[in-house]
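Single chain ahead, by itself, as structure tokens, in the form predicted on its own.
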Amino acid sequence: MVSAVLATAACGGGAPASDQSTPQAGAGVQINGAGATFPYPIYSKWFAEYNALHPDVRINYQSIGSGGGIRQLTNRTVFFGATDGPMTDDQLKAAPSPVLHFPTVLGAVVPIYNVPGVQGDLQFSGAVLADIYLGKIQKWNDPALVKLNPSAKLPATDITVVHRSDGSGTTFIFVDFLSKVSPAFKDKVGVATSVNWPVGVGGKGNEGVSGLVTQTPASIGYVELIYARQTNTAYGAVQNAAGAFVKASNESVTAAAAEAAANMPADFRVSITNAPGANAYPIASFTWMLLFENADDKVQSAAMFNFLKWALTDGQKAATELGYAALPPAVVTLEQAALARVKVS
């Protein structure tokens, strides 16, 4: 578990009395949400900071994975969900009423590894990562890995493959990228928040995958960037669509979002994996909060409206501190307009 975040988070909300254009949330509002582990650190920080500013509303969030967040929202057991993989058309149809997607920050999924004796960063292509997760590449000194890392002393040991065991937006982002660069991976595994892995062992949450890799020599896994940074786990550079090997950073994730920001669909459901551009990190994604357009509880709707207005503006300042990339200004402008669709009365 990442020590820098709490097991639960609470926040308060409500617009200042002087803001006549913002719906008012009533006093003493408590809101429950659940979903992705990918944005959990930033959501925890946001909810706590917002609570300090507006103690009349508390927001509780359970980090259970994107699949669980979508299910709980659909079943109305939480007021809002969170996901790193946008809901599919079938999932939207299964929801009891229309669901809106609101991108909150940008993040990156990175290949983490624990290879004793290896110094420095390893480089991976999408094709090599796909073949590792298909079970085609089984040893660290496989010629394909040696070719990408000629100066590394890769051992002749078996690779222990680690993946998510739960429905996960982190998985969605990772397999979305691998399916774009490997037809074999797309055919055998495909793209979803939960897939049938040909090989490997599963860990629950980004925390579980990070923990397994840290504890298992000669292993490889995939996690959100912040989990690699906060656990000091080695993570590699990945070859992008322009052929450059790029490590995940705020700048390289922002570069990946540049084209999407200029061509954002109205519902904000967009993939930015394998984005064009020499500086773009190829396994990057928005992460979304999910709200019913016309929820029964308008007090909670007003509170979430106010919170999102804050998160899209002042809240973005905390994103880079935690290893996320802030939303492009053009996307923020589009979302502020889309917030009008949330019925608050």
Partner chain sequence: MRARSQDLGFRLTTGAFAVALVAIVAGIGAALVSQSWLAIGKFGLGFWRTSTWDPVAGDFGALPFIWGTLYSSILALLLATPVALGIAIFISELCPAPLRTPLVFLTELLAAIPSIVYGLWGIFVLVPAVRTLQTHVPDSLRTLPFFSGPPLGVGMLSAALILAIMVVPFTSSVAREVLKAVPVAQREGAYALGATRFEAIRAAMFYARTGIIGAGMLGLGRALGETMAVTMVIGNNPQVSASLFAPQYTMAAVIANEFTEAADELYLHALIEIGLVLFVITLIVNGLSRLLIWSMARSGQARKPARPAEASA
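The structure displayed is predicted, hence computed values, not measured ones. Numbering follows the first chain given and starts at 1.
There is another form of this protein, the form predicted in complex with its partner chain, and it is not shown here; the text below is about that form.
Partner proximity in the predicted complex, defined as non-hydrogen atoms within 4.5 angstroms of its partner chain, places exactly one of 315 to 323, 276 to 284, 42 to 50, 57 to 65 at the interface: 57 to 65. This chain lacks the partner; the member of P183, P98, P217, G117 within 4.5 angstroms of its partner chain in the predicted complex by a non-hydrogen atom is P217.
The partner is absent here; in the predicted complex, the one residue of L154, A258, A192, A144 having a heavy atom within 4.5 Å of its partner chain is A192. A residue is said to contact a partner when one of its heavy atoms sits within 4.5 Å of a partner heavy atom; S249 fails this definition for its partner chain in the predicted complex, lying far away. Although the partner is absent from this view, P103 stays clear of its partner chain in the predicted complex, with no non-hydrogen atom inside 4.5 angstroms. Taking non-hydrogen atoms only, V201 approaches its partner chain to within 4.5 angstroms in the predicted complex.
Its partner chain in the predicted complex is approached by N196, whose closest heavy atom lies within 4.5 angstroms of it. Contacts with its partner chain in the predicted complex, taken as any heavy atom within 4.5 Å, map within 70 to 91 to R71, Q91.
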